[in-house]
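Given next are two forms of a protein chain, the same chain in both, each as structure tokens and marked structure 1 or structure 2.
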Structure 1
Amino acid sequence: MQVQFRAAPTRRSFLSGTAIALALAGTAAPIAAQDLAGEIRFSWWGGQVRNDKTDQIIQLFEQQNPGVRVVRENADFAPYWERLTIQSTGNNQPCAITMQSRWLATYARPDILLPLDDLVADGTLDVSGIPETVLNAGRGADGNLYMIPHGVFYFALMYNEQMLENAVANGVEPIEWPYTWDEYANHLRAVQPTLPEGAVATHNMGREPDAFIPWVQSHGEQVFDGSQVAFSRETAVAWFNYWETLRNEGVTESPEEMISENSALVEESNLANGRGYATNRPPNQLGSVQTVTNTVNPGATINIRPYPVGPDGTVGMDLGSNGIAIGANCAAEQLPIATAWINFWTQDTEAAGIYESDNGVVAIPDLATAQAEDPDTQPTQVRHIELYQQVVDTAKPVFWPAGGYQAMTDTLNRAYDAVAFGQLTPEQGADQLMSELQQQLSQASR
């Protein structure tokens, strides 16, 4: 989905947003929880499990604030953004909006979202414990803070440990991180002959933005510079060649299988169904993949590891954030409830315990450590948190321009598909990728 706004910000909405921010900046101290009364709308995306957890947290908040009602608005991921876009054009967005750093730039304007810096500065919004790099993921292109992150998400390599053990038993050297991209490719080549008939060593990630980004960043380049493409043609050519070599050697899927394996649903993946050794997925899916694997391939364990490192030894992984923003249309009397709700969601231990890092590792390191050490936490969730803690210092969060993630997905898909199906050479594919991506970014930034 490409989200664009044509309407210019209205003076009235800008002034009202600024006035609310200034009014709150003058407030001496955060409003006590027991003083809260009223109603706010809160929107989020997710499936049945996340909805249930979110509902429990809302109930807890309402119990602690008897005069408050949180009106629930939730939807599936793609429709969620479509609805928010339409709501925003009518200045009818919810007061508290679940936001993601990859989509933030599209909405990060004072007439849509309320700038939060003043509320943080005067202590109304409590961001204690949230690392500065994570907090900065909530900033828009204008430098204003528009979202308070509550969860950090990332993509990693997910693999079948049983297949690895079998490979090692057949003489394959186990691989230890940090490994380079070439070392990782050689590992896949070695594993391939030991796999069951029909299985491939890796999902073909040539068309995956979440694998291309670590490739670019681990080679010392940026993905974007504002709304400009910042990576080089050589890097894109090398990326296509990397996957074409593996494909021609039979280590990864054919173009047809690559496209059919592209579903975001865990249940349809080759990895979960025992047809693949490794893929790239967000680690918060580890539990779901393990559940499906348990039924298809009992005894197999799925694990995660970081992407390979580049020549400078850094991993180049992107760290994205999910958080809560406040709609610029939020009425002054609702704002204390919205800020209290954000504080509750990001800082409350019980709320964090219910959510269990369901939509990214909880942003406050102490809460993440507590979850990892809790004996009741699922082992897959513990691993999710541990890997985050392993790579957080060397990861490089990407600043996504407006429409950037969708543009990258569309253009990389098209370019690599054309290369894999033999319609373009890697060089032509790289040229197409760069020109189409830049064109889409320019359109979205107008």
Structure 2
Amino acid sequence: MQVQFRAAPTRRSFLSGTAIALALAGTAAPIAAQDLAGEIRFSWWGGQVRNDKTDQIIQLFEQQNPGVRVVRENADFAPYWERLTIQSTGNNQPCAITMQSRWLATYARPDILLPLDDLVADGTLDVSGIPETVLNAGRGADGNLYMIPHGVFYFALMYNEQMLENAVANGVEPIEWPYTWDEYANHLRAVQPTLPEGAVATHNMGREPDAFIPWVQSHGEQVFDGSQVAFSRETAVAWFNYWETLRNEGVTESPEEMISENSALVEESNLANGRGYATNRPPNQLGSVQTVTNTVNPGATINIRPYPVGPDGTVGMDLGSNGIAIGANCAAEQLPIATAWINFWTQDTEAAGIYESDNGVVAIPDLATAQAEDPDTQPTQVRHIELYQQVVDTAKPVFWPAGGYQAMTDTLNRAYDAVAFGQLTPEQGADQLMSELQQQLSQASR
């Protein structure tokens, strides 16, 4: 089903705008009344847009707390975790650390991150409005709470609306969710002949963990069981065969282009430049992708849709959480600032309005609803929130063991690349994936 962006969102939620404003008026913690003084370091990942938003929120916090200084430490995603690992080894991690559920198990130890349950219990940390299921995503394997979630993220598909419109004008049936993986493949096959010369219907996602996970879960299997690989060899073989079939049919790019496209900047990507109809990217990037597309391919509109479901209709989409943790090395005199900062980031309505669910849909449902209903919210952010609300009730959050996400990324990349370049059969690729993945998980759990 084709979804058009709107200039202003419809009011389809359970609260009216006036009711939301009244309901949220009391959620902001009285930070300024605490008379804080001192300095903390705060780290996060992201590009320039997120950096700018974060800087605005920090400035707002510092204005309300004139005696406080927040030292900024930002990096791109992969270097962020590399740096945090080095910092943690030297007991030099920041007081306030942006954390993600996919990476939490690697750091969820009392000597790296401060357990937060007591601070929640005595009211120092305000978790009002955060659903219990979302809050529990901040727990480690030992049961302790190590992160206060502020954003819920998910993964989905992006596509070019104009290419779809052209395909429909040429007789291609629109696709409506829920659609199965086979139905989605047939849709891509139908779209391919309608595309401009040199364009492909889809980026080859055979090496992409964020696409492989919903494949596994939509086929009724778990990704992990503790630190053990839980999906079957049959499911991995079927995954490789799915993408090899589409690649050999010319529906995806070549193996060389597949690797280049995976690491390409948005400015150079097939999607932004009109060389591809569909790909996988985090929906919270929809706004930045659209902004880049407006420059490099004016007139093109990018939209998002859910991943396919399994043969029996099972939804396999994953949900994760981003939030803020406190370093175990955070000094006692810094702890009040760190907790006030977390409360401000998660509960303050003005801070939430600045951030606009940039790193996951804001964890407090009322704040998310308010953003979606605010006429000033960018249409891309409205769409991001709407799709989240569409899939949240049926999604299946994955518990990632220590080192799990990096291990999955490394081993799936290697295995499918070898298959795509003809070095391994899909069966051999599945064997390599499962063997190497388990080896890395076992090493990380020691």
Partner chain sequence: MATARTYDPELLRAEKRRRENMRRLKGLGLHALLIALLFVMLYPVIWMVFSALRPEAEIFGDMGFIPTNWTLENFVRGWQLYGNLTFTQFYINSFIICALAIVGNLLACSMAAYAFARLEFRGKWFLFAIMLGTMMLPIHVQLIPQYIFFLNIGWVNTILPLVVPKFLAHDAFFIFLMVQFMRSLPSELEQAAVVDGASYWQRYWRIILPLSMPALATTAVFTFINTYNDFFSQLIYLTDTDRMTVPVALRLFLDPSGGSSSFGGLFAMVLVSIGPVLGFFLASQRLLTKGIATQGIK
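C-alpha atoms forming the largest set that superposes within 1.5 Å between two forms make up the rigid core. A quick note: this is a predicted structure, and the numbers were derived from the prediction, not measured. Numbers follow structure 1, counted from its first residue as 1.
Both panels show the same chain in isolation, but it is structure 2 that comes from the form predicted alone. Here Phe77 and Asn294 end up in different rigid parts once the change between structures 1 and 2 is broken into two. The chain behaves as two rigid parts between structures 1 and 2; the smaller one is rotated by 10° relative to the larger (C-alpha superposition).
Comparison between structures 1 and 2 places the CA of Ile40 2.9 angstrom away from its other position, after core fitting.
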